[in-house]
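The form predicted alone is given below as one chain in structure tokens.
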Amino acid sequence: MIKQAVIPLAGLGTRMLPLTKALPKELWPLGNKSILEYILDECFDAGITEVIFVISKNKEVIKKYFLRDKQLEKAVKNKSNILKTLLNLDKVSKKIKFVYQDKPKGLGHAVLCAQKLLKSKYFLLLLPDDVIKGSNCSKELIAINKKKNSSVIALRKVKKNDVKRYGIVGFANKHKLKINKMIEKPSIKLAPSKFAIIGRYLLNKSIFKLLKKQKTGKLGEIQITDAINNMIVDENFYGCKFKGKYLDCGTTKGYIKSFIEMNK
């Protein structure tokens, strides 16, 4: 059973500065809940019992958000709905562990920071920029893993002119969505398909051996797609065309659209 998930939260949020200087984008509201709480809801609904947050020292506010505040609870004791929400955050905090990524060295490095806390053969990796409405994507990945006994990644078909914005996969067997390559932000000419990687991964722990050997790429970062490309040489790796609606919360424009969509 897959019971653990990793959520990388140490990024600087540069695309949304200066708004992210004081409040990390993961805590921005999508209605009456934060982006991060929607990601957690997906995890827990999929059967995850422990979530590992990878944060930086500049994002201690995320830890504070989930800590119990008895004085605040006392102040709203006659407002049952608000009190219930606060108590629920405290309940959720018991399922969260924190590790630190001191420098922004890429997604691959963030995953490495969580290695010591991961126990089982497979784990989920969820990127908080990506919210999926209407269907539990993590459940879909877990179902494929159970059937194929392999790593799985969420995929979304994009327009031809948009492939340069995403990591794009190629297939050894397109009908079965068996992946044989990944290219980060390729040109239209070099793109092996129009299927883009969305921020949901279900990974075999064997990726850690590869990440430790992985050389830094652009901006001195350790890219997880490079490690996965080495991984699929020896292991099966499948895609999942998830059923829900993809919401991009990674840019200010995308966040505004997502807020409107979640509050229809």
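Numbering starts at 1 and follows the sequence shown. This one's a predicted model, so the numbers in the text were calculated from it and none came from an experiment.
A second form of this protein, the form predicted together with 1-O-phosphono-alpha-D-glucopyranose (G1P), is not displayed here; the remarks below concern that form.
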For 1-O-phosphono-alpha-D-glucopyranose (G1P), considered in the predicted bound form: do all three of P8, E50 and Q101 come within 4.5 Å of it, counting heavy atoms only?
no
One stretch from 198-206, 235-243, 59-67, 32-40 that, in the predicted bound form, holds residues within 4.5 Å of 1-O-phosphono-alpha-D-glucopyranose (G1P) by heavy atom:
198-206
So 1-O-phosphono-alpha-D-glucopyranose (G1P) isn't shown here. In the predicted bound form, which residue out of I132, L107, L125, C113 has a non-hydrogen atom within 4.5 Å of it?
L107
Q223 versus 1-O-phosphono-alpha-D-glucopyranose (G1P), in the predicted bound form: is there a non-hydrogen atom within 4.5 Å?
yes
Is there a non-hydrogen atom of K185 within 4.5 angstroms of a non-hydrogen atom of 1-O-phosphono-alpha-D-glucopyranose (G1P) in the predicted bound form?
yes
At the 4.5 Å heavy atom threshold, is R165 in contact with 1-O-phosphono-alpha-D-glucopyranose (G1P) in the predicted bound form?
yes
Hey, which residues along 5-19 are within 4.5 angstroms of 1-O-phosphono-alpha-D-glucopyranose (G1P) in the predicted bound form, non-hydrogen atoms only?
R15
